[in-house]
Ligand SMILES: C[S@@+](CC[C@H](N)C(=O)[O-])C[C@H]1O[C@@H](n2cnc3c(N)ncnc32)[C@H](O)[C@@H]1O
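The chain that follows stands alone, in the form predicted alone, written as structure tokens.
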């Protein structure tokens, strides 16, 4: 097993079967049963205890990124990290110019893998850009983006990872340096004036229609010919797929879409 393969196992926590355990999520439901459950969870938290639901580790699910590891650094799974590796190796082999950008980073694992690959391959010029609210998903703007109706995940605390935590994760593996750039805030506020130049790899993990279309509207023109556009949620989040399909149709993009796994896809910009 080479170093990059071992790093994938660490990032996805597939080396640790205990990562399949689940920390119970507090619900905002007003029902008496949920109120009682929330009281128990909060009490346990105050006592520095965790309410953990044990379950068996499923290697196939983790490979596909179908579960959220209780610990670890990414939920994308092994196959989507393989896809990032393929993209970077192709970009370096063909000398496609530009930086790497990930929009929606969670604990930073996928971007950490990008930086590790650049270090391993001796690239000292490209930068890694991490765009994220670092506060979870936005509340759907249903009036302007009706396709996001019903996709409110603002109560999912597990999705809100502070920027300082992500920086600490990079630093833990000696990956944090001046070539790692952070763009904290909602995409609509940060991406238009982000100062990102040419892009060789754009990885969009925005889930919602609004987030996905903001990524593409602001960054797609900066992707170099031969560069990779990876969409994490294309086959599992209908609003994301619709945003991508409408963007491609509007701009006459006919580059073939390639499957990565059960949800992710990519295409290469002509």
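Because the structure is predicted, anything quoted here is derived from the model rather than measured. Positions refer to the first chain, counted from 1.
Note that the form predicted together with the named molecule isn't included here; everything after this is about it.
Review point. Based on heavy atom distances of at most 4.5 Å to the named molecule in the predicted bound form, which listed stretch, 73 to 81, 121 to 129, 168 to 176, 87 to 95, is the contact stretch?
Key: So the stretch in question is 73 to 81.
Exercise for review: Evaluate residue 104 for contact with the named molecule in the predicted bound form, applying a 4.5 angstroms cut-off between non-hydrogen atoms, and reply yes or no.
Suggested key: Yes, contact at 4.5 Å.
Review point. If you check in the predicted bound form, is residue 159 within 4.5 Å of the named molecule, heavy atoms only?
Key: Residue 159: contacts the named molecule in the predicted bound form.
Review point. Contact between residue 65 and the named molecule in the predicted bound form at 4.5 Å, heavy atoms?
Key: So residue 65 does not count as contacting the named molecule.
Check your understanding: Are any of the heavy atoms in residue 196 no more than 4.5 Å from a heavy atom of the named molecule in the predicted bound form?
Key -> Output for residue 196 is no: heavy atoms all beyond 4.5 Å of the named molecule.
Review point. Just one of 180, 163, 137, 116 has a heavy atom within 4.5 Å of the named molecule in the predicted bound form. Which one?
Key: Contact with the named molecule in the predicted bound form is made by 137 alone.
Check your understanding: Non-hydrogen atoms within 4.5 angstroms of the named molecule in the predicted bound form: do 110, 205 and 214 all have one?
Key -> Yes: each residue has a heavy atom within 4.5 Å of the partner.
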